[in-house]
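Next up: a single chain in structure tokens, the form predicted on its own.
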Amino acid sequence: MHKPVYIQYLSLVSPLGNTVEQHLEAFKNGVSGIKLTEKAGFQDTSIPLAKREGNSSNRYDTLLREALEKARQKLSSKLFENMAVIVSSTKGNIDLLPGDTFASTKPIIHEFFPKTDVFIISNACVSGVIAINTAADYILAEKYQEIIVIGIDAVSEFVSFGFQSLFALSNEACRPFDKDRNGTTLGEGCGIVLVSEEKVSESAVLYKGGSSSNDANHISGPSRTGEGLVRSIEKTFKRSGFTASDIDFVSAHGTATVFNDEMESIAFGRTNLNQVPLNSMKGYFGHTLGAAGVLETIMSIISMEHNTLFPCIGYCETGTSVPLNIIQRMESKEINTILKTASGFGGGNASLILQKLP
């Protein structure tokens, strides 16, 4: 890249808390947002969910407004001269079906940032990482000076029933990469970051490069050889100038489904990352779908900021054909460079690399 691109977190709202500080404490104490939720599944079955308390039917709009309010408090007015907003989400406000599920998104954003260009990226579970990569591309192309990236998804019956129909939901809190894993756990949350050409806060890190690819393997199943993720990681290495030996920590997708975790282990083995400390944050947040890439990037920046590796909740014993260096307890380590990956339905894969400022 020809000029620096910075990324800094602005707000984070999930069942774990309403501030970044509350999320840091939850991670330090191994607290999970996942709880058994009564009558939340098909035919009133009880399923584990990472769902915020409260019975608001309009969960998406509530999450969006709350996170935007907290983000707006951290921004100065001088940022808004040449700015855009990118929203990453799978379904948006599903309560608006059968109409446009993103119909409420732009009006809410314009309440906080009037006359701002708003773009929607809805590419399954890789949406968040792709949104950050897209924002960086816009900055590098000098289209905008600052871009706010919002990752958001809310738990709904539509999504819960859909995952149940695929037999992809666990009957307990998910256990990424563990031999006894039996499915994912859904969650909800909203995370907001600022991607910019200038450093605007002490939490800023450098965006060094990213990419996406599609293995076109199956509508919901990943390539068994990890081909799409391998291609993305290799392209990200090439664009950033880094290699596997430069990476201090990997924030993996790690949904705790049998096929996803196996595919990732193969991909990390093929890219020589299987010895790098690695976790999945799904045990804390649940799988937040289109929000996952942004929420997990924020916590990766916090991990870097505090030089702390957080454990992969739910992992006990290797459950993949390629053993990985799964973080099992919180530990201090100098973290200068991280790799964030994501994989999703439809064969999508994405990755990005962040580096601590000198």
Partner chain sequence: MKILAHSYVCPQAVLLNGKPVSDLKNEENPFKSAYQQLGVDYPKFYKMDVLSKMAFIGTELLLPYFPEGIDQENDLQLIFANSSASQNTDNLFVESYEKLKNPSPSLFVYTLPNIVTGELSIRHKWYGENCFYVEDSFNPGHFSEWAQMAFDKGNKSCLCGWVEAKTDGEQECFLFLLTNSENADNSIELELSTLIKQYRNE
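As the structure is a computational prediction, the values presented were derived from the model and not from experiment. Residue numbers count along the first chain shown, from 1.
Not pictured, yet referred to below: the form predicted together with the partner chain.
Enquirer: From the candidate stretches 197-205, 250-258, 169-177, 128-136, select the single one in contact with the partner chain in the predicted complex, where contact means a heavy atom within 4.5 Å.
Expert: Comparing against the partner chain in the predicted complex, the contact stretch is 128-136.
Enquirer: Against the partner chain in the predicted complex, would P98 count as a contact residue? Criterion: heavy atoms within 4.5 Å.
Expert: Taking the distances in the predicted complex, the answer for P98 is yes, it comes within 4.5 Å of the partner chain.
Enquirer: Does F242 reach the partner chain in the predicted complex, with heavy atoms at most 4.5 Å apart?
Expert: Flag for F242 set to no.
Enquirer: How about N182: is it within 4.5 Å of the partner chain in the predicted complex, going by heavy atoms?
Expert: N182: no contact with the partner chain in the predicted complex.
Enquirer: Quick check on F113: any heavy atom within 4.5 Å of the partner chain in the predicted complex?
Expert: No.
Enquirer: Would you check whether the partner chain, in the predicted complex, lies within 4.5 angstroms of a non-hydrogen atom from each of T19, F27 and T337?
Expert: Result no, not one residue of the spot touches the partner chain.
Enquirer: Taking 4.5 Å between heavy atoms as the contact cutoff, choose which of Q145, N274, S213, S104 touches the partner chain in the predicted complex.
Expert: Residue within 4.5 Å of the partner: S213.
Enquirer: Which residue, V159, L75, I108, M83, has a heavy atom that falls within 4.5 Å of the partner chain in the predicted complex?
Expert: If I apply the 4.5 Å criterion carefully, the residue I get is V159.
Enquirer: Enumerate the residues of 172-205 that have a non-hydrogen atom within 4.5 Å of the partner chain in the predicted complex, in sequence order, or give none.
Expert: Stretch hits: zero.
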